[in-house]
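A single chain, nothing else alongside it, follows as structure tokens in the form predicted on its own.
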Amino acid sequence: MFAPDLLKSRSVLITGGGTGLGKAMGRRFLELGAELMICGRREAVLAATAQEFEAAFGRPVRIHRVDLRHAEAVDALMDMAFRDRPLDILVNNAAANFVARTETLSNRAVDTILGITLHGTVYATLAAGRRWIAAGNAGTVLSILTGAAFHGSPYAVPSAMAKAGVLAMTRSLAVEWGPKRIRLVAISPGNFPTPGASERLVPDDVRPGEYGTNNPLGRPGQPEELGDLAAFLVSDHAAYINGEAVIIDGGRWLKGAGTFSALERLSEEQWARMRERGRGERE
């Protein structure tokens, strides 16, 4: 299935593609022949990732600095993505999250999470969809969810709300746009530790190696595993999968939901440290 030319000449845009899971997917897509563009808020990070990929694969990687909370900026992003040729695949990966007791959240904190995770995803999807429909072109949208989209999550309520909205968008547009040859799918990852997420979301008394082990397989996911699933879902091998959200979490969903439920045991001092981490994300 994963032949070197699986995604040959496919034009792919990954939001939040400079780090973490976005970067892991981008690497896999390049390995399989795709033409890659990544975007995010930090241009230096994007440039470093592009340089790393270009050195590894010998092909240029386009970058674009964008704040997805602003619809006009997203439209300019899509102008660039479609400039030389139609985009084939949009991966909605960018998201914001931090854990906090919900009653302590400011309106600004809520708006930041909804603005990036929900509004930015919708803006990007609509901007790509309009262009595909106007030109009569096919397209694929892959959105990254969390388990909270299905079962909610204490201490991460705005993120759960946003991801539930992205899931509803995926299922709704799969029906509406399917006849126009636009396919929408989603992935709901379990624990795939990345430096940024671990710094913001994991209490500092959790020892390295423990995070992500609360599933029947007893281990966190590997970025390559997510990359393979993403590559399959955007490829022609998955052409008959539409509106589906695939869970890849080692069975955590079956064992017991609620990623952050255990945080009820945190002390006031620990919550204060977590709040400082979340403030850094908002700024």
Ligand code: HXC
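A residue's number is simply how far along the shown sequence it sits, counting from 1. Being a predicted model, the structure only gives us computed values, none of them experimental.
Not on display, but discussed next: the form predicted together with the ligand.
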Give a yes/no on whether Arg69 approaches the ligand to within 4.5 Å in the model of the complex, heavy atoms considered. yes
With the cut-off set at 4.5 Å between non-hydrogen atoms, does Ser106 touch the ligand in the model of the complex? yes
At 4.5 Å between heavy atoms, is Arg41 in contact with the ligand in the model of the complex? yes
Whether Thr146 contacts the ligand in the model of the complex should be assessed with a 4.5 Å heavy atom distance threshold; does it? yes
State the residue from Ser159, Thr140, Thr125, Thr170 whose non-hydrogen atoms include one within 4.5 Å of the ligand in the model of the complex. Ser159
What is the one choice in Val185, Ala164, Met78, Ala100 with a heavy atom within 4.5 Å of the ligand in the model of the complex? Ala100
Note: the ligand not shown here; in the model of the complex, the stretch from 131-139, 82-90, 151-159, 174-182 having heavy atoms within 4.5 Å of it is 151-159
Let me test this: is every residue among Ala96, Thr112 and Ile116 within 4.5 Å of the ligand in the model of the complex, going by heavy atom positions? yes
